[in-house]
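Just one chain is shown here, as structure tokens, and it is the form predicted alone.
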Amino acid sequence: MSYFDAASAAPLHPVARQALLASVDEGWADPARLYREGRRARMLLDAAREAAAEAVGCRPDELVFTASGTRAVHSGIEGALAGRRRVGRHLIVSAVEHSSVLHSAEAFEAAGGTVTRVPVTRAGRAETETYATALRPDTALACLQSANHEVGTVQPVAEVAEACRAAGVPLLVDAAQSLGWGPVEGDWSLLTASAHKWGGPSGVGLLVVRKGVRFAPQGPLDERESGRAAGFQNIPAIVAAAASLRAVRAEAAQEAGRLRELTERIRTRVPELVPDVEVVGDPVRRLPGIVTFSCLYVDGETVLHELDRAGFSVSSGSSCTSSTLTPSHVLKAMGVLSEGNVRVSLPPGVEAGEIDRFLSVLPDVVAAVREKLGAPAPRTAVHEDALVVDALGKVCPIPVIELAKVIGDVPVGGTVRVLADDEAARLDIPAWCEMRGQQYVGEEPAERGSAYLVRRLS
């Protein structure tokens, strides 16, 4: 089985396993106690904090360990907003942040705050100028991920941090995806990360608050972790997290170059091997191991199941999953195709032969799913000025499949009107037009759902 979902959780690094087992016998006691066992546990905790701080590029007393990366995000945002309550109640986030950031923003909004969601380019990049324009006198905090978890696009953190610093606004950086590859550049104010993203154990997060940043921890205060993370520390897991972070950093430069070659092979070969595919994300400013593409006329869940049967574990930001009928917020913000979405995120040590086997299997998998769903074949055009496609009650990718089947039945300049009530159609039909060289005219209200107008250009 080839595991290609390291962006969700990287396999436990051998160094993490060794450190975890070794510290189980030494780090079980309460590090706040003064007796021998407590002092031994405290020494392990302090050494782990120093190692993690060195990797982040901060002071040890600026870094605390939390129960998860999500908890670090929630605590960081809540504390920073509370610490600057007198300044104002305005929060800035990018439209492609991790759900933990967006959920925090929604909670802040529900409590009476205001939130600006900064749009991104089609490559998934937040522009510095857009962030700078969003800054206001009452802005309490801005948030920007270091790199996107779904498409791999690296964000301009240093430039945005400079704009925020000039406006006197702290910037919180979610560095979960990038910290294993190197420190986050720029004059940021707060940083969060999650150990299971770099091969550490799950259940360990990092929260860094720079000296001088106004911060007021929320909830009942605790004497542990500077009052910023309540509860007894999981010292063996923390030690393993810090040890694995140091280990992956030592390997990062060499492994990054190798993974870039492998992901570039996928980015180049998939559109050659599979027709009607859109590779998404910035082609240059990206993380080494992530490549994401979307296939027309297939649903992502079926593709994932078929690839799993073929021995490949991949993930998807597609709207078509059993748990949701809404498009990935990242793909939606980018304005790219969401149907048939596949994210390949390679773990360190993956072999080139596994990539070759994946590329040999993928075309047949996509072709079989398309055949099952009745993907379009060439049709002879008829002379009608407009056609109506009734796709009400049908989920993606069926509305786009039906559109593709009939677009050739109208003359150049003619219009197809697609009726659909699946939210994904609002994203996928314009994306299909972009890919196929047709004109998306717009959306109109309908008795049920919406009507999407497409004009044939070729």
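Keep in mind that this is a model prediction, so the values were computed, not measured. Note that residue numbering follows the sequence shown and begins at 1.
Heads up, the form predicted together with a further copy of the same chain isn't pictured, but that's what we're talking about next.
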Of the candidate stretches 404-412, 37-45, 429-437, 51-59, the one with residues having heavy atoms within 4.5 Å of a further copy of the same chain in the model of the complex is 37-45
Of the residues 155, 178, 104, 294, which one places a heavy atom within 4.5 Å of a further copy of the same chain in the model of the complex? 104
Heavy atom within 4.5 Å of a further copy of the same chain in the model of the complex - the one residue of 301, 185, 251, 138 that qualifies: 301
At the 4.5 Å heavy atom threshold, is residue 343 in contact with a further copy of the same chain in the model of the complex? yes
Proximity of residue 315 to a further copy of the same chain in the model of the complex, heavy atoms at 4.5 Å: yes
Residue-level question: is residue 203 within 4.5 Å of a further copy of the same chain in the model of the complex, judged on heavy atoms? yes
Residue-level question: is residue 130 within 4.5 Å of a further copy of the same chain in the model of the complex, judged on heavy atoms? no
Complete contact of 363, 450 and 456 with a further copy of the same chain in the model of the complex (any heavy atom, 4.5 Å): no
What are the residues of 1-26, in order along the chain, with a heavy atom within 4.5 Å of a further copy of the same chain in the model of the complex? 1, 3, 5, 8, 9, 10, 11, 12, 17, 20, 21, 24, 25
